[in-house]
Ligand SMILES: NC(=O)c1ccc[n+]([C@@H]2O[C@H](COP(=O)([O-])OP(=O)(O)OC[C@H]3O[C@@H](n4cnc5c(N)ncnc54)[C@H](OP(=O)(O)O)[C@@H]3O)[C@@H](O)[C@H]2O)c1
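For reference, the chain that follows is the form predicted on its own, supplied as structure tokens.
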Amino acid sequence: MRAVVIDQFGGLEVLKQQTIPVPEATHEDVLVRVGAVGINPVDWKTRIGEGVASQITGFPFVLGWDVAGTIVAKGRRVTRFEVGDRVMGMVNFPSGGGGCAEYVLTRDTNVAAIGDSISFRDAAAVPLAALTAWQALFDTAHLQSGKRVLVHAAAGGVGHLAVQLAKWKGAFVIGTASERNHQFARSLGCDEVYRYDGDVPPWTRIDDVDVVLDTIGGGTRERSLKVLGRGGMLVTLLTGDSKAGLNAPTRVKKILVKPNERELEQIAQLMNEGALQVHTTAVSGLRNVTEAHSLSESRHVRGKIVVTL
């Protein structure tokens, strides 16, 4: 099968297309023919030696953790799925990867069924970002209906899904975004939207926020502590980021997304019901994974980046 591999950490030039063996499904594994693979910031951060690079045990390594496709083989212990089922999942995170290939092998608990109305392009954009948002807002911050949540980069990959999930929960949602994305953020469910830049960003004047979801880090995280109300919590997602704003352990939680079968199934159900929608920018073919990494590194893409096969 064709796959995009790295033999070392580095710039875009280390991404290379190679032919490697198709893995075999055994025990609790399913083999998925990849229809699309999502590209997340953790992909390029890991490629350059940051992100979850410390989890990689050897080269060559196939990046890519978000996939959607069709099950073509399964291990003898797999009872949840049948060959031909359409699925999406966050596969083999953080150490295994394997998504940037024509086929990927993963535990059956890492994927969830998707309806025929959900495209592989949309489904591949969701798992890692939506699980991140879910675990930050609900598992860590315990966001409840009526609470005030500030979502930074509300038009970004995690942000635009977090806005929808928070609104689904019944929260009052405040977002930050560039001015060109304000209307988009409102369409997702933001009750208020502010610019995130400037000497004194306007969002810094709000107060009494119960939960801040920080996807930016640095000075933004530090300033965000000042808008929290009593008992409020800031959840930050960044790996390998500066220590700014992390000196308040009772008010700040730093998380790394984890696989969760039950939550992934709930997210898939919300997609199937049309309650969770994803905005994607797609490039076609494994030969263009380099372009997808470059787009992600620019940090100015609305929604999620997906490579379709």
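Computed from a predicted model, the values in this text were never measured in an experiment. Numbers for residues come from their place in the sequence shown, where the first is 1.
What comes next is about the form predicted together with the named molecule, which is not displayed.
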### Message
What I'd like checked is whether 35, 286 and 308 together line the named molecule in the predicted complex, meaning each has a non-hydrogen atom within 4.5 Å of it.
### Response
no
### Task
Go through 277 to 285, 37 to 45, 262 to 270, 60 to 68 and give me the stretch that gets within 4.5 Å of the named molecule in the predicted complex, heavy atoms only.
37 to 45
### Query
Contact between residue 138 and the named molecule in the predicted complex at 4.5 Å, heavy atoms?
no
### Message
I'd like to know whether residue 299 contacts the named molecule in the predicted complex, with contact meaning heavy atoms within 4.5 angstroms.
### Response
yes
### Query
Can residue 211 be called a contact residue for the named molecule in the predicted complex at 4.5 Å between heavy atoms?
no
### Message
Against the named molecule in the predicted complex, would residue 149 count as a contact residue? Criterion: heavy atoms within 4.5 Å.
### Response
no
## Note on the structure
None of 238, 227, 78, 73 but one has a heavy atom within 4.5 Å of the named molecule in the predicted complex; the exception is 238
## Note on the structure
Answer key, the named molecule contact in the predicted complex at 4.5 Å (heavy atoms) among 188, 165, 153, 193: the residue is 153
### Residues in 124 to 160 with any heavy atom within 4.5 Å of the named molecule in the predicted complex
128, 132, 153, 155, 156, 157, 158, 159
